[in-house]
Every structure is written in structure tokens, then in C-alpha cells.
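First come two forms of one protein chain, each written alone as C-alpha cells, so that there is a structure 1 and a structure 2.
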Structure 1
Amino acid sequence: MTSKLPDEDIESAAADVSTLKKRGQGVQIVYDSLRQAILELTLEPGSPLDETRLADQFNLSRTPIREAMVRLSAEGLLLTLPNRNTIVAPIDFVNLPFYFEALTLMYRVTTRSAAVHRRPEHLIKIKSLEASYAASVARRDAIAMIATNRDFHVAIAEAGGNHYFTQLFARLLDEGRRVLRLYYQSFDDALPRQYVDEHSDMVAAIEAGDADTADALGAAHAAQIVRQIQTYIARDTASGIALGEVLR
């Protein structure tokens, strides 16, 4: 059965489309609505999507629906199967240990490198994103938390000066957005303050130029995220989500 967005989300998005259609922004509205539903896991991994049904829901032609879906596919959030059907991309939990290993390494190396190579302008950007992340946590806005967390850690990687590290870390963070959504969901989106403070501790070590402490904090930060996600996945509350199912 083809999954649908919640009616209230569709009504809101359709109203926006009606207002903005003449300005050619229908694609953006569809993209934003689908992307949020995927990241929120409202549209579960493996859920099929149908262009015609979505066109009816959004009161649009199939062309902007297709364009929005192409963008989401490029981000790895949608998957086109050999039979041409499109589904929400499954989360590959089989290879999750390898993902965690790479993620932990990048937390460590980018934080250490930033402590060695950061410049004043880097610290300004990092601290601004740190504040934005804390504000999103206070609002319990999980989508904003995911976005600002990603930008915060990418800014740290940029401060390290190695663009290969930056590109790899950005890719890993982008690929792990739904996994991070499970992390916040495990706290009912009320992230404990101690985990927000971990960002502050990392910034302090970077600003102080203390590479060893920055490395250790990066490792500890990654470790607690990995433990929390692994624990949450093991709970019965996750049993109804087709996290690792690949449809063929």
C-alpha cells in the first residue's frame, strides 16, 4: 500500500503550493514536505511513493513532484527500484557498525585538527552554530537539531583545513540524518543538557588549542551517541519500523 503524508501536513503544504505556485515554488514545497516526513520517520523506510497520488495530494502536475523526488533521491532519501517504483530509502542497519566506526574516526580527527589549525573566523562560526544548536534543543525541534548539528561539526572540520576530511564528514552526517533522528527520538526530543554541554566542551578545547583533549572529547561524544542509538534500536519500540528492510 502506498504511504501518504498525514492529512494535516498535506493540507498545509497544499495551501502553500496554491499561494506560491505562480512563482514556481511548488517543487520546493513538495521537497520540503516529503523531506521532513522522511527525516521524521513519518514516512517509514521502505514506504512506496507514487507520483500520481502525490500530484493529487498536492494539487500539482506530476512534473514538480518528479523534480522534488529527484532531489530527494540525490540526497539518498529515496530509492528507485529496478521495477521503476520509488520507495523511501531503507536504513542499512546491517552495515551500521561500519558507519559508526567511520563516524567516530571523523569526530576525533576533525576536532583534533580544528584545535591545531583554527583561526578566529572559524571560532566565530563554530560558536554561532553551537548557540543555534542549543536553541533548537531548547525548542525540542528535532529537524533543526539535525541540521544545526550537521553544520556545527562541518564547521569544525572546515577549521581543520583538510577539505577531504570536511567532505567525508559532511557526507557521513548527511547519510546519518535518520539515524540521528532515532537518537533524538530516544529522548522524546528532550535532549539532556549534559549532551548539549559536550559541544561546549569541544569548542573550549578547540579554542584552547588542546588537540589531545579535543580528540578525547570527540571520541566520547561519538561513543555516547552510538550507545544511545544501539540501545534504542534494541527496544521493542523500534520493532514496528522497517529500518533495515530492502524491498526488491
Structure 2
Amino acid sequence: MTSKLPDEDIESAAADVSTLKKRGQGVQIVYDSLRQAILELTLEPGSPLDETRLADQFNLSRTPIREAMVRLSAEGLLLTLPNRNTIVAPIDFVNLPFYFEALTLMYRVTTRSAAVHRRPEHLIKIKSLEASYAASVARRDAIAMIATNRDFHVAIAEAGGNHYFTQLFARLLDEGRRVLRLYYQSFDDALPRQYVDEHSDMVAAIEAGDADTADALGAAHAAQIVRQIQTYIARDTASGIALGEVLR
């Protein structure tokens, strides 16, 4: 199965804004579009990006395209092969254990910090995103679920106030969006409901300022996710299908 070129998807995203782009906005539009396409797997891991083609699709010159690509490379979402082309960073299943380790630590640290440093405006935002997540679970909208779940936890991290943690955590959650996207493609919605409850408990602990409980809930939440993904991968690897497309 040869991977088709997802020209139309990106092109449509570009066409929406091609008329009202101003000086200084071009790079941002390209960056946002590509980033979203990568994280939602519209652009498959490993697929090549051609500067000239993207320039045509976005109605820009190659210069802002390159700048957006450099930024995405710096974040690890793209891989630049010198004098060769640039590809979407493959999902690194080999290092998944280290990913889980980092993710778990950040879940704990950010939730704990939020319980200590949260202020009213943080709680408002967190609760709003908690509701958005619950709504997307009710709608069984997998893409919205993944995106709002990410935003929910980033909001908690922001309440913690430590910019270094927030940034690493956001990067981990984004990276995780790609794995989760694979994951959610093949299972019922029983577990997301469980997440809704866990989110609710976390918010309560944060609001109460109970750092230890928040920490424990963060750890449990992380363990939950890790266990599910591991189960999924084990099952999938055993049957030997589907992942081959992405592993390459």
C-alpha cells in the first residue's frame, strides 16, 4: 500500500486563510497547519515534505515555509535530512518506555504543583476544559477528546506555574496525541468515561489544595494511560498488523 499524498487536506486548511494573510502571519499559519496535520496523523509519520509544493499550496514563497519547518524540527515534529528532504518525525515505539516514564513524572509533578499554586482564574479554565472533554466523550468524538484532554492537562500544568514543566509536559502530550490517535481507532468508549471521573477527582484535589492526593491521582491517571497503550501495542504487535504502516 503506497501512502497517498494528503495534498487536499493541507491545501484546504491553507485556502481558508489565503485571502486574509498579513505580513508576519504567514509563518504562523504554515506552522499551525502543519503542526495540526502532523499531530492528527493527517500527515503520516515518515512522509516527506516538499518545500516547493507547500509553497504553492499556501500561496507563499519557500522562505516562510522553511522557517515554519525549522521551528517544527526544533520541536522534534519534523526530521531534517541535510541536502535531502524533510520528513514527518516517525513515532518512536522503541523508546516508548522512556516516554511513559517522563509522562508519568510530569503528570505527578504538574498536578501536585497545581494543587499548591492554583488561583481562581486557573480553576475556571481547568473546569471549562474538563467540561469540554466530557462533552466530546459524550459525542464520541475521538479527535476532540484527544485535543481537549491535552488542553485540560496543560491548563493544570499552567496552574502549577512552572514554565519548564509546562513546556516539557505539553510536548509529551502532543507527542502522545499521535499514539493515542492510533489507540482510539480501535476500542470502545468505556475507558474515556473512566477518564472523565478521574479528571473530576483531580480537579477536586487541586481545588482543595491537597498536593499529595493530587500527586497520587496524577500517578494513577498516568498508569491508566500507560497500561492501556501497552495493552494495545502488545495486542497489535502480536497480530502483526496496522503498526507496520507507521513503524517503517
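Since the structure is predicted, the reported quantities are computational estimates derived from the model, not experimental observations. Residue numbering: structure 1 sequence, from 1. For the two forms, the rigid core is made up of the largest set of C-alpha atoms that agree within 1.5 Å on superposition.
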Exercise. Of these two, which one is the form predicted alone?
Worked result: 1
Exercise. Fitting the rigid core first, would the Cα of Q167 be found 2 Å or more away between structure 1 and structure 2?
Worked result: no
Problem set entry | Flag for Q36, CA shift 2 Å or larger between structure 1 and structure 2 after aligning core | yes
Exercise. How far, in degrees, does the smaller rigid part swing between structure 1 and structure 2?
Worked result: 23
For this session: Keeping the rigid core fixed, work out how far the Cα of P90 travels between structure 1 and structure 2, to one decimal in Å.
Result: 2.8
Exercise. Relative to the superposed core, what is the Cα shift for S73 between structure 1 and structure 2, in Å?
Worked result: 7.0
